[in-house]
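Encoded as structure tokens, the following chain is the form predicted alone, with no partner shown.
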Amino acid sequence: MRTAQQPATRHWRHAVAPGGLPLAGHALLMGRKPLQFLASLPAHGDLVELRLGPRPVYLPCHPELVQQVLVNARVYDTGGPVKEKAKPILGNGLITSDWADHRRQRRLVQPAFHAARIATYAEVMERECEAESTAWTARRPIDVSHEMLALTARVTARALFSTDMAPHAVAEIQHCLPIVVEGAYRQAIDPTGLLAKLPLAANRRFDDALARLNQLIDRMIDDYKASDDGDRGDVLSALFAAQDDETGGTMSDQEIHDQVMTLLLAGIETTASALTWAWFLLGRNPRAEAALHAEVDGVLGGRAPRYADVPRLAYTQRVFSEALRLFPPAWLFTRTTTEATELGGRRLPPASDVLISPYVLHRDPALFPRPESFDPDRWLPERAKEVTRGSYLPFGGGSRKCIGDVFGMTEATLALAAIAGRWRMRPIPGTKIRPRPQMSLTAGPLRMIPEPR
């Protein structure tokens, strides 16, 4: 494995990605087989240049270089064409805001994810996970992707807007969100920007779903302002109460709207995708599945999991951590230089685009022995400490690390434990799925058979 500390005089390997075409560069390879193409690049160099159309783009493949990018958010700011296309959808929230705005926003949003608030949100997680685990029919096939998306939508919506959120509002989010996510990805990968302007049925569905989501969020904000309920224990309450320690300022209604939209889009599909992959991996690894069942039985003794159980569900957490390694939902994100800088000995001019791919790092055999193997115990404390700093980035890193990482890990641990306590998920023979690198690294439909334990 690579060591975390490198000599100051290290000689970085630079390379140009093979297979580029005139004018298009590597855009066709990225469009057809992005995971395979990107995962092949560390063999060529520590910093690899590729072209998406006429523009050069840089992919750091060594974790030390990745860390240089992530920890210097002022020089390597969020940016690139994907960000510009996401702004009309997400507004100026945590994902799309520039460095200065992001610092202020992070200070204001962070209290909504303090430990005491997570404990309150966990009450929603407990109820929804138990409801999900009791809703299935023995030996009747289910689409695990659909079920996990419905579960995480209910949890996230009710944590955002209160535990008493009306069922029809949750259903509205469940209906609209996949359409918005799919449409956002179509726009993000269209280099011309023309696709979104065509009178296509898919575009009409996207526009309608986005408008409905925006209207729902606005209604929730108006309802909060019109009531005198005080702190409802939800994220929206925390956002309204947030006050900047440095300036004393608060968030406007539009800022709150943008943060809620960001949290909805970032907090539902990502966790659902990773949970789907976890069930897929467990279904193909009987020993890991048996270890999960043994821990759940030993800790819970047949009852539903509670928030207080999470620290004792160590193997369950390792299962999810390993699923995140193999199939990180945030498989690719971009940064843009705000000034001339140097990365790995290469001079980058202002407005240079840098790609960060957790998928590439997580699959590098120099960083993770037997990277294709599903091995939850690689996250045992004595083994995890050997993992090179900066090589495991399921939640990103630096000041832009996912603000909901603890929320997501807690939700996933409770979901795995609740379902594994009742069911053994059997893969349907012949089922084949492939990662779908879209806004998240999804599995697509995954049909499995729940057998009672």
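Because the structure is predicted, anything quoted here is derived from the model rather than measured. Note that residue numbering begins at 1 and tracks the sequence as displayed.
Although not depicted, the form predicted together with ligand HEM is the subject of the following passage.
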With the distance limit set at 4.5 angstroms and only heavy atoms considered, check whether Phe280, Tyr315 and Met425 all reach ligand HEM in the predicted bound form. no
Considering only heavy atoms, tell me if Val57 and ligand HEM come within 4.5 Å of each other in the predicted bound form. no
Using heavy atoms and a 4.5 Å limit, would one call Arg325 a contact residue for ligand HEM in the predicted bound form? no
Contact flag, Asn92 vs ligand HEM in the predicted bound form, heavy atom cut 4.5 Å: no
Would Phe113 count as a contact of ligand HEM in the predicted bound form, using a 4.5 angstroms cut-off between non-hydrogen atoms? yes
Residue within 4.5 Å of ligand HEM in the predicted bound form by heavy atom, from Arg346, Lys87, His293, Arg106, is Arg106
Since exactly one of Thr338, Thr120, Thr262, Asn285 fits, which has a heavy atom within 4.5 Å of ligand HEM in the predicted bound form? Thr262
With the partner removed from view, which of 142-150, 327-335, 364-372, 176-184 is the stretch that lies within 4.5 Å of ligand HEM in the predicted bound form, judged by heavy atom distances? 327-335
